[in-house]
Structure formats: structure tokens, C-alpha cells
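Single chain ahead, written as C-alpha cells, the form predicted alone.
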Amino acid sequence: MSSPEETFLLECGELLTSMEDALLQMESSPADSDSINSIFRAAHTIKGTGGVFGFDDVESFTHVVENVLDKVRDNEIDVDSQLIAILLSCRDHIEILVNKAVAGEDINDDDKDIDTDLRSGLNKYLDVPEAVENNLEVAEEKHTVEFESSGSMVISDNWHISLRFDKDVLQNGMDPLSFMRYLKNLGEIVHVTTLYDDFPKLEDFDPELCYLGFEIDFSSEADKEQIEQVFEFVRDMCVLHILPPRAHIAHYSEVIQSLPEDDMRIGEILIASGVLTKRELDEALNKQEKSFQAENENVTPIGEVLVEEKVVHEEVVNAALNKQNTNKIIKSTEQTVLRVDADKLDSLINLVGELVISGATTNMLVNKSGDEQLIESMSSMSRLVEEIRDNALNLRMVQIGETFNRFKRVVRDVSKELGKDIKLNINGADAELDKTVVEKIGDPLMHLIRNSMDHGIESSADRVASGKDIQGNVWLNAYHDSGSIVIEVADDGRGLNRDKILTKAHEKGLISDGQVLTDHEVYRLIFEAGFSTAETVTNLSGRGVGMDVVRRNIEALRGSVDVDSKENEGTTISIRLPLTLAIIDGFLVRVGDSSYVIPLDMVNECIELEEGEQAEPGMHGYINLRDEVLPYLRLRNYFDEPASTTGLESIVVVKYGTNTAGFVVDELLGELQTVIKPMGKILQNVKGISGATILGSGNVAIILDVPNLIVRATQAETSHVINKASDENVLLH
């Protein structure tokens, strides 16, 4: 179980992310009240919870931020780019303070300097002197809580806070008194009544449990939301009701309507709303029972008894009755979310993988036995194993939108640095893929976006001169295709200069004189190590470092990267990745004495290789498939396997993106669930192999790197066509 501090750290991360998103939204829409309120709530929650834990640096700094945000909410401060910039810096500083506070580390001198500079910048927006900035005015007159006999109104100039902690609050690491101590920062505690209703007999007393309740009279100029935020971090460990000064019936009705959609009786609803005490309810139930026994009539509804006793007002009872009726007909649609440690999830996936391997072994033995009942039973079990596998993998699937949103801040900051007006457009944020892939794709995307902004998007003057809109655009797009996810980074900039790339490639010896390359092959040269066409070196690019790293990182994820560009129109870089790195459906084939697995999502069809083609020597070739040229790769030659004893060969037609090719194999063995095992260091860099798996027989099968093999097959075919055309020209002359 995570400690309260670790939970605080996790929640702060979510709050700071929402704060950053709202700040970026507010920069483009300064009057967006939802964004302003979201930022304020995030800062206020962090401040309040930090105060409860005694994180003074967090509380003190965030309090100044909150004061500025409060003035923004009241339209006393205009929102401009300068304010957004300092608030974004404050957001980053709060993250540092929170991380160090939870880790028990002191802030260093650099952090203190940043703290001082940011406070100075914030204080320029505040009218009050810094010396009295944290002081709170407290009302001079204090009164205790009194109720009208009808129960309709609280007669008091003080707030009334009714607080009931869960019994295990101490065991969860929370000190109830710390919240009341922190409450003093907002005002003055006039009176505290300690309730002993739940106090057990001495022999049942447990010193680690909390049995006390508190009724607090509190004088403050703070609003209800501020007082409520004091208890934000312990809300799931207590029952809290805050009654404003001179609260009317409408407030009680509001509290009742805000209760969760549980099947509560009317008395429980009234107690939960703070209108009724358990003692008052017990007395009313006793009176109800006595009335029934004496008059032997229908039971008087408890609501009517409470109204007759003038314990609560009739309108409050009606509100509770409406809530009770609503609870009966409305099912809660709130999604239940359970946080699970990533290590536990990875362990589950590994166990499911072993279950799949074991199931394959059992299935093979069962089929050999020939027992029909056993085969049928095993078929049912295999289906269940497959469902368990799919559900377990779905647990690791996350939306890529969270990763995409991180780049809003990057685009804003880099565009300011470059002096360009650039907008980030996001599409397909709800596309899902394995969390491991999401974690590792962040850095490659960062390189591509920064390069698009630096190399791709022209300066404002150049864009206007070429007839383009002054604002440049960068697009992040994601979608599913053929069992993969495609992520595109596009821009509407100047595009790639084919001639300049070729010249640079000649200088670096990447291509030879007379070598003919397609546009696609030319553009792919930008991913070669040390390649750059930038004329000047900047803080962002021009050193030839980055794009080759992008390619290697993506290929390490069993993915591929492609580029398409039109001069003066823009460039699109497409990354194609597998949805998961753990378990896939595969198609098993035999080549020579070895078994190979092809990811099933990439298999289009299987055809028999004609006798004339079988006799053709060599690793590469092509056939006519329904009037289309299909290049193929003979896996036996590629992996240096012995010749087939049967002499028969088949072609497995595979497709990856827009490319189609065939793999020539000796035998088709059918589908199977494949648990992907990484290759050892010796074989990690072998082209055409992406991993291995263990078959039911205990033998190892190689998982093919289809994208790499397709490239080899298509490139060989392109070279063949070019060479053939060249030979024909020689003959003609």
C-alpha cells in the first residue's frame, strides 16, 4: 500500500499536468473561466495538502501563486503572455518543491534563487506589501452555533464544521489534529466540541483507532471552497459538513442532493447531510416504534416523526425523500479506477505469457492422445486462456493523448525561442497502445517535433513571402492500421530539399556516383548517423545528432519510421509501432529445419509457389499476383537454412503500411499465440529478427522483423528493375 506522501506526489503530478494544460489554453483564450478556475483549484489543493503534511516550502510558495490567481479570477489582473510565462515557471518550481519535500530533501541554492525571483515576479501583480501578504483578516465578533426550533436556519456569524474521521485514519498515517492546526491559517477556531458517541468500552478500546468527532465553530473571511480544500487529502477518510454562516434550508437541500447515489434510508441521508445526529434519529425511531405498538396502526413515516418533533424542517425532509427516490431509479455511472503498480502489472503479463506457453504444450500433448473428450475440454480451456491474455494486455493499453499533450508546452516554449508563431494540432489522442511503447516513444517524438519547428517551419517573413499563413502548423496524429499504431508528425513548412540531401549524402559518402535513388530512399537518408542539412548550428539542431537516434529507438520497439515530403508544402514523418511488446497472435512456418513466426496481423494470404518459380535460384524474386508485381524474399537463403526435402515451397504474402511483399517458406504450420522473448545481446542487431518464442514442443522459434524484411525485398526488386532498364539502354545503343 502506498504511503500518504506517495499518494500526494502522484496526485500532485496529475494536478500540475492539468494546471499546465489550462495555462496553455488560457493563453489562447484569456477569458476562459473554466481554465482559470482549473488552475486555481490545482494550486489551492496542492497548497492545502502540502500544509497538512508540513511541507512549508510548498505551502508558502503556492500561497503566493494562489493570491495572483485569485486576482485573475476577479478580473483584477489581465491575462497576457508575460503572466502565462511566469505561471508556467511557477508550475515547474512547484513540481520541484513537491518532489524534494516528499523525498525529504532540502532545496538547494539554485532552487532558492529561482524561488526568490518567481516570488518577486508574482508580487508585482499584488497590491499588498509582501510583509503582510500571508496575514488573514479575522472577524472581530464571534458567536457560537444556535438553531431555530424549526431547524431551518443556523443563527451564527461563524462557519460550522462537522467532522467525523474514519476509525482507521491514524493507521493510514494521518493526524486529525494537523488539519485543525492548518485550519488556523485561514481564520480563528472559536470553539471545538469533541464528540464521544463512538467511544467504545474500555476493554474494547484500541489506541490506534480514532473514535472522536468534532464540531467546530470557525471564524474566517475565506469562502467555502477554501475551507473545504483544507480537508481535500483526507476526504475519503472522513465525513465532513461545512455550514456557512446563517445557512438556510436551501443549503441543507444542496448538501443532500450532492450525496453519493447509494441506497440510503431517509434517516441515513439526513445524518450524512449533517442535519440530524444519530442520537436524534434513535430517539425518533423509538418514538415511532412506541406509536406503532400503542395505536396498532400503520407505521408513521420517520420523516413525519422528525418534523413533528421539530428536529428538522419539512422542506429538508422532502429534499431527503426526493434524494431517496432518485437513488432508487438512477444507477451510478461513475467509473471506478484502481491504481496498480506498473511492476505488478508487468508481473501479471509475464505470468500470462508463461500460461500461454504451458497451454500450447498441453494442447499439443492432448492432440497427440486422440482423446476426443480431452481435446474438446482443452479447446474450451484454450479459449479461456486467450480471453485472459487479451484482457491482461488491455490492462496495459493506455491512450497516447497524455503523451501528445506534453508537447503543447514544448511547442509554446520552442516557438518563443525561435521567434516563430507555431500552433500544435492534435488528432487521434484516444488511440491506445502498450504503456511500455508509450513510455519509450516520448523522446523520439520530442526530436521530431523540435526538428519540424526548427528546420521545417519557415520564419514569419518567409511564410508571408511565399503566400502562406503567418502561423505555422505542426500536427500530431495517431491511428490504428493493420494491427499497428501509426503516429504522424507533420508540418506545413518548407519541406525537404531533395538536391541538398543528395549533395550532402555524396559529401559524406553515403551514396556512390551514378547511384539512382527514389524520392523515398533520398528522404530516408536524413536518418543516417551524423546527417544534417542545417547551414547553422542552433540550440535545437544542426549537429547531425537526433534523427539517427530516433530511427534506432523506434526500430528497438520493433517499429519503423518513414518520411514523405513536398517542397514548400511540408513534411510528414510516419512512425509505425506494434500495439504491444508482450504477446501477439502469430503464424508459424517452417524453413529448412527451423521454425519462424510471422505476426498474424501482417499476413494477407498464403499461396503456393509455382514449379517454375521454385526452380529459380537466389534470395530475391518477384511474381505476378493478380496483375500486380509481388517481390519476394526466400527465407531459406536469407537465414542460410538447408534445402527443403519435399521441394515444395509456399509464399506468405505480408503487408506493412503501404508495402506488400512475400516470404518464401517450406511449410505452413498454422496460427498460434506467441509470447515474445527478447533476443540476447549477440543477436540483438541481427537484421530481420525481432524476437523469439517458445513453442509447445519446447523448441525455440524466431519471430520475424517483417518491416525490415519487406524493405529488403522491395529494395532488391527496385534495384533489379533499375539494373534491367540500364542493361536495356546499353543494348539499344
Partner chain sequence: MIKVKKKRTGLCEVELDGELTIYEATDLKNELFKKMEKCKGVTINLSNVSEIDTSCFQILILAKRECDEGGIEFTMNSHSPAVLDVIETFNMGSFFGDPIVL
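Numbering follows the first chain given and starts at 1. What you see is a predicted model; the values in this text were computed from it and never measured. The term rigid core refers to the maximal set of C-alpha atoms that superpose within 1.5 Å between the two forms.
The same protein also exists as the form predicted together with the partner chain; that form is not shown, yet it is the one meant from here on.
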property	result
Selected contact from Thr518, Thr194, Thr503, Asn394, since only one has a non-hydrogen atom within 4.5 angstroms of the partner chain in the predicted bound form	Thr194
Proximity to the partner chain in the predicted bound form, single hit among Lys184, Lys124, Lys112, Lys566 (heavy atom within 4.5 Å)	Lys184
Segment that reaches the partner chain in the predicted bound form - one of 379-387, 554-562, 451-459, 204-212, heavy atoms within 4.5 Å	204-212
Non-hydrogen atom contact Gly495 with the partner chain in the predicted bound form at 4.5 angstroms	no
Partner proximity in the predicted bound form: Met180 to the partner chain, non-hydrogen atom cutoff 4.5 Å	yes
Interface membership of Pro200, the partner chain in the predicted bound form, 4.5 Å heavy atom rule	yes
Touches the partner chain in the predicted bound form: Ser466 (any heavy atom, 4.5 Å)	no
In the predicted bound form: members of 163-177 within 4.5 Å of the partner chain, any heavy atom	Leu170, Gln171, Asp175, Pro176, Leu177
Rigid core fit then Val437 CA moved by 2 Å or more between the shown form and the other one	no
After fitting the core, Asp206 CA displacement of 2 Å or more between the shown form and the other one	yes
Core-aligned C-alpha movement of Val522 between the shown form and the other one reaching 2 Å	no
